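Presented below, as C-alpha cells, is a lone chain in the form predicted on its own.
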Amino acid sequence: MNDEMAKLMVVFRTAPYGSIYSFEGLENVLIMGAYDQDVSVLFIDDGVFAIKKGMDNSGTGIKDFSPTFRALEAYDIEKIFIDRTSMESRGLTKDDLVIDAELIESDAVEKMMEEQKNFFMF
C-alpha cells in the first residue's frame, strides 16, 4: 500500500448524542490506529461536543464516551485538530475538552481537507 492510500482523515461533524455517528467514528479511529495507519482527526461544527468534558447525556440512553478519546494517545494518533471557529462559536475553550488538540483556523481546515485522500465523516 502506498503512502497516499494510507493517509486517512476522520472528521467529526455531528453532535455526539442523538445518533451513533460520533461513537462509531471513535471506534473507527481506534481501529485505524491499531493498524498503524496515518490517521488525522478533525473536530468541526457540532463535532467539537464529542470531546467536551462533562457532557450531559442523561435521557439519551448512551453512556458518556467522550473520555474514551483519551485513548487516541495510546494508539499513537497524534494528528488531532479542532476548528477554532467551531469551538469558540459554541462557547468552548481548550479547557472544556477531554483531550489536547491543535487549534486550527478555518482556512487551514480547508487546505488540510484538500490534501487528504481518504475521508470518513461522522
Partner chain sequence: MLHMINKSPFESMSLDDCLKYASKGSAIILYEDGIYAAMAGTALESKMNSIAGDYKVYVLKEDLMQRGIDKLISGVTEVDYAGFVDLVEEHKTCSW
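Residue numbers count along the first chain shown, from 1. Since we're looking at a predicted model, the values are computed, not measured.
The next section is about a form of this same protein that is not shown, the form predicted together with the partner chain.
The partner chain in the predicted complex comes within 4.5 Å of a heavy atom belonging to D45. Interface membership of S40, defined by any non-hydrogen atom within 4.5 Å of the partner chain in the predicted complex, is ruled out. Using a 4.5 angstroms threshold between heavy atoms, V109 counts as touching the partner chain in the predicted complex. Residue contact check for L103: none of its heavy atoms lie within 4.5 Å of the partner chain in the predicted complex. Along 99-117, these residues reach a heavy atom to within 4.5 Å of the partner chain in the predicted complex: S106, V109, E110, M113, E114, Q116, K117.
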